[in-house]
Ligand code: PAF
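In structure tokens, the next block holds one chain alone, the form predicted alone.
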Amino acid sequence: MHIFEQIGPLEEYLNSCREDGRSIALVPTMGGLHEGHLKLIDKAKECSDMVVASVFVNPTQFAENEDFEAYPKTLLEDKILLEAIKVDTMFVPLDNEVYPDGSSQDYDVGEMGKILCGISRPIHFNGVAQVVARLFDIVKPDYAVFGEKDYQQLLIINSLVERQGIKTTIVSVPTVRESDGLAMSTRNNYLSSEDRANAPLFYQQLVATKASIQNGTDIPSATEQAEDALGAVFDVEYIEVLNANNLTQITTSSSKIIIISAVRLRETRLIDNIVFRRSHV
């Protein structure tokens, strides 16, 4: 596995790969790798001739009161894991490589960045867009692979690519879950044993809400019932049932629906969603 910390040598290597006719897929991560990340890499291998996995805990997507300093940093374990699954290239840049002029540039991600997770994390998606655009500029990937657990982020990145005319195809991978249904996340490491035992109730309630809607419960009632049920275990930040194509309110023409939610178990924030189709709304 080739490991790069500086942009210059990475770009030189990737240019030589392109000259050899090899297509490149990028899997951006913040490290703390788990089975969910490995599924992204599997998909990237399907799409392309070679995979670049980046590990960079991006400071611009964390607010001052968030867990930037505490975010799990497992670089040695990540390297061993990526080598074991034969990833071609690992990019581990320092802040000043990604942001040589500082990180003040502001990406306005529009209205979609102001709803749902954007309410409690108002700078988050601008920071995500900033780092993704920067990584795309450095790697110039033919494909970039993201997970559907971060669904709002996925739509914002699709919009970024379209708006800026970036020649990268965005590929998404369904949420990878533990055997009890909990969506895999690096932040699951924060959960105490008691909270970990309760955490699967989050996804179970989303499944129950989907079933309720499919059985004819109107969406406002189903949402209210879900919020009440979740509130018995979690601090509910939001739960919404929306048009999955653009996260707007459902209309009679909406066929693809998302139940999307963020909750907290003490200090640990969890996000999850279910996307499904319904013949009539």
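Quantities reported herein were computed from a predicted structural model and do not represent experimental measurements. We number the residues from 1 along the sequence you see.
The same protein also has a form predicted together with pantoate, omitted here; what follows describes it.
Interface residue among Met90, Leu206, Ala199, Val131, judged by heavy atoms within 4.5 Å of pantoate in the predicted bound form: Val131. Among Ala63, Met30, Val233, Leu247, the residue placing a heavy atom within 4.5 Å of pantoate in the predicted bound form is Met30. Note on the interface: of 213-221, 237-245, 22-30, 252-260, the segment with non-hydrogen atoms within 4.5 angstroms of pantoate in the predicted bound form is 22-30.
The putative spot formed by Asn58, Phe146 and Gln153 is fully lined by pantoate in the predicted bound form; each residue has a non-hydrogen atom within 4.5 angstroms of it.
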